[in-house]
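Starting off, we have a lone chain in the form predicted on its own, written out as structure tokens.
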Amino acid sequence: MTASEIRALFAVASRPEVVSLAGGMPNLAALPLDALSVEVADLVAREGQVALQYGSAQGVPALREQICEVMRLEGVNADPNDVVVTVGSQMALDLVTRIYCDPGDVVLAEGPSYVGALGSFAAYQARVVHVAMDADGLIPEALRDALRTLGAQGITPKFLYTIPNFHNPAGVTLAVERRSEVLEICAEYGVAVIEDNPYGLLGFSGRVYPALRSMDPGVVYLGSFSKTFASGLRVGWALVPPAVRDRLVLAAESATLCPPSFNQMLVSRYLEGHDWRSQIKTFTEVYRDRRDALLSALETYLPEGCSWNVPDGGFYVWLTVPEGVDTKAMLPRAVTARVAYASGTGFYADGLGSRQLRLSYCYPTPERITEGVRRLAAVLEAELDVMRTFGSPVRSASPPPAVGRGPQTPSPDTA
């Protein structure tokens, strides 16, 4: 495991004068905090003896039933007995990797992919093979080519890890017509599918895409309340086939003994007593406004040669900068200019991504987003000026502290 280079810079980047477009922190200002404070007090008063005690490693039964109701919005019909509640979906991802992978095993993941997933794969010494994406998500033919190439070497990957909706970091969504094809290809080659879907209900058009799990009951589905309710409660889940469930519960027991009962019961009360569907709609409206502010600022300020996607949901825009600019080398200079982003190399296991960076629009206000992009554009212009003057790519004079090679462990700054 290696520390994220971004983490080493966030002692500076977390200062109020720095506009951070790096971290994927949800905007909690839209939550009904007064109502939630009443729920917390009532939970302790009425059910404190249970809520503050050890609980089941699989999770509170009532919450597991409610999780099935949430997943039904995406076409998933699930048995609560097949749901395992975890301390955030990151824990579920880590434990699933632990169950499936031995050192040296191969897993497939989109390129780029979530830094937290790459960190878990590296921690269990699994080798990542990236599969290309385009504007419509994972490319089925690229998946088939990767499986064919690995098959010629006698290698069957343990699973495909995919983020089909509003991808982190790429911001794209897997086209509906590709979903069944991806599942068919994986079934043909005997490869399991891990579907990570924390953003699926945060679409700006109001459309909810069918989960891969709704098309194939063998898919392992990872979900979370971090993006649709409160990330600090750390309540996620895995919906797994029965053959995997018991192993996952054992792995969860060894990791945490049990997920916090208090947090689960608070989430359960929120789902039961509040209009959580309308709350999600409120979140999406807030994030859509911030996305629009980011896209407008990119169009206004960025120099020629830059390109980016237009996400229809989620938290992120994936930006490609002109040839010769190294976003990892540029990051310390950007922080000095009081703007932060996530450099693209952290989202690849093979060293790619030096021309890309991830911009997160979920947390700052539209005004701060605009100012952050203006500062980023000035840094980019300075990099390009040096290149035009000296005719060579810009390199950092010395690497940032705590830079490691390969996948990096996640942090709240890069989630």
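Start at 1 with the first residue shown and count on from there. No experiment lies behind these values; they were computed from the predicted model shown.
There is another form of this protein, the form predicted in complex with another copy of the chain, and it is not shown here; the text below is about that form.
The partner is not drawn, yet in the model of the complex one stretch among 64-72, 36-44, 347-355, 371-379 has residues with heavy atoms inside 4.5 Å of another copy of the chain: 36-44. Contact check for Leu28: a non-hydrogen atom falls within 4.5 Å of another copy of the chain in the model of the complex. In the model of the complex, at least one heavy atom of Ala255 sits within 4.5 Å of a heavy atom of another copy of the chain. Taking the partner from the other structure, another copy of the chain in the model of the complex has a heavy atom within 4.5 Å of a heavy atom of Ala230. Using a 4.5 Å cutoff between non-hydrogen atoms, Arg234 counts as a contact of another copy of the chain in the model of the complex. Screening Met91, Val335, Ala293, Val244 for any heavy atom within 4.5 Å of another copy of the chain in the model of the complex leaves a single hit, Met91. Checking Gly111, Pro260, Pro140, Gly137 against another copy of the chain in the model of the complex, a heavy atom within 4.5 Å turns up for just one residue: Pro260. Looking at another copy of the chain in the model of the complex, residues Leu21, Ile280 and Asn309 place no heavy atom within 4.5 Å of it. In the model of the complex, the residues of 49-66 lying within 4.5 Å of another copy of the chain by at least one heavy atom are, in order, Gln49, Ala51, Leu52, Gln53, Tyr54.
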